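Here we start with a single chain on its own, the form predicted on its own, put down as structure tokens.
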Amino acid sequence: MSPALLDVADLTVRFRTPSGRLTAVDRLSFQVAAGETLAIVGESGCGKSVTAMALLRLLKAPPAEISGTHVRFDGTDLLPLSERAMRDLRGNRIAMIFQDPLSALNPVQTVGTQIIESLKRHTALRGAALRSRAVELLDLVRIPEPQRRVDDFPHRFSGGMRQRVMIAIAIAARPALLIADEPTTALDVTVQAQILKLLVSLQREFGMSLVLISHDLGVVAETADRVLVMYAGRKVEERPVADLFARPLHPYTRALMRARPTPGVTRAFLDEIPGIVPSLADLPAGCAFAPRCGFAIDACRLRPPPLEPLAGAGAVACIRTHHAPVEEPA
């Protein structure tokens, strides 16, 4: 893999609450190379979106507390940077597409005004060139009649079109890294496919790195180079996408795979993962997945398993995988 554009080491995010400090992301480490797509997957509440917000320092402090060994972007550690320096990076070298475009877009400003705001902040364009570039960006994300739609307000667009507007804003300054947080949530299947195809096309055209946050394994299989699986704020498995889908190793990853629809296979019910994700205020002493895991042994409940490298590529945090491999029940 080429040198890392993004190098995250021991990222930890805690929140102050009336009941004490809750750890939402626990010593998370990963890298993203230039031009690479890393997918971060897991159930709701596992820490995916908090990770993305922490990388861009968008969490209000307090109650949030962000720490770690480093979060290096293109050689610069983001953790000690001033807020002014972070504003220079956000929307410029690093951009983000948020889950809900209707909430992320300003309802009382035209989409053109919102694109121009990013262009003014991060490019040398001025005057008529700003509007011209805004129209070009709407055309680039395949919005019909961009010359006319640039003056429309967000409520005049469908969900899929609003997401395209968000993408146009995100790529306005040609970022090196794009973070897409559930970019296809609440969109129908056809529109999802269009948005994903657009993201992949723009990534290749601009040479961007992409961090794709999703709970949709079908989306991940089509888009990612590597997959990082999170559970209860911790990384439990990280593998090249082909390896992970061919042979998932962590019991949680296996359970996620079984719970998804299989093309060409008709089932009355999808498999489900028993139990619920543990509360951050009451995490188990050992492996956080042990209470829901059919393969857990006594040792799994004593202490969190270390994340150990695999013989090939990647790593997995499971005692059974490394020392007493388990087989799926017949």
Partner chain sequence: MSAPALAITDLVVTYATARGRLTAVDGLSLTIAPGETLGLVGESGCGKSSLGKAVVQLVEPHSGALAVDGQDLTTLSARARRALRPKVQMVFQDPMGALDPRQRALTILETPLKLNGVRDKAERRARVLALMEEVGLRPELVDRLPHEFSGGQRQRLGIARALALKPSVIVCDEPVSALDVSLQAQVLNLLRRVQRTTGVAYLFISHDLSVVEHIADRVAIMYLGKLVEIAPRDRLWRAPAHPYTRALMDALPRMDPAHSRIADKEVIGGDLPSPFTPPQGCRFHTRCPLAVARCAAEAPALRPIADGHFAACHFATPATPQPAPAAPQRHLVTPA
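So that the term is clear: the rigid core is the largest set of C-alpha atoms that superpose within 1.5 Å between two forms. From a predicted model like this one, the values you see are computed outputs, not experimental measurements. Numbering follows the first chain given and starts at 1.
Unshown form predicted together with the partner chain; subsequent notes refer to it.
The candidate spot formed by R21, D26 and A281 lies out of contact with the partner chain in the predicted complex, as no residue has a heavy atom within 4.5 Å of it. Stretch 214-222 is the contacting one of 131-139, 84-92, 115-123, 214-222, since its residues have non-hydrogen atoms within 4.5 Å of the partner chain in the predicted complex.
Shown without its partner, this chain lists A290, I273, A52, A64 as candidates; in the predicted complex, only I273 has a non-hydrogen atom within 4.5 angstroms of the partner chain.
Listed residues L202, L105, M161, L78 were compared with the partner chain in the predicted complex; M161 is the one with a heavy atom within 4.5 Å.
When contacts are judged by a 4.5 Å heavy atom cut-off, G294 does not count as touching the partner chain in the predicted complex. Contact check for Q194: a heavy atom falls within 4.5 Å of the partner chain in the predicted complex. In the predicted complex, the partner chain lies farther than 4.5 Å from every heavy atom of E36. Among residues of the shown chain, P175 is not one whose heavy atoms approach the partner chain to within 4.5 Å in the predicted complex. Core-superposed comparison between the shown form and the other one: the Cα of D282 travels less than 2 Å. The Cα shift for A61 between the shown form and the other one, taken after rigid core superposition, is smaller than 2 angstroms.
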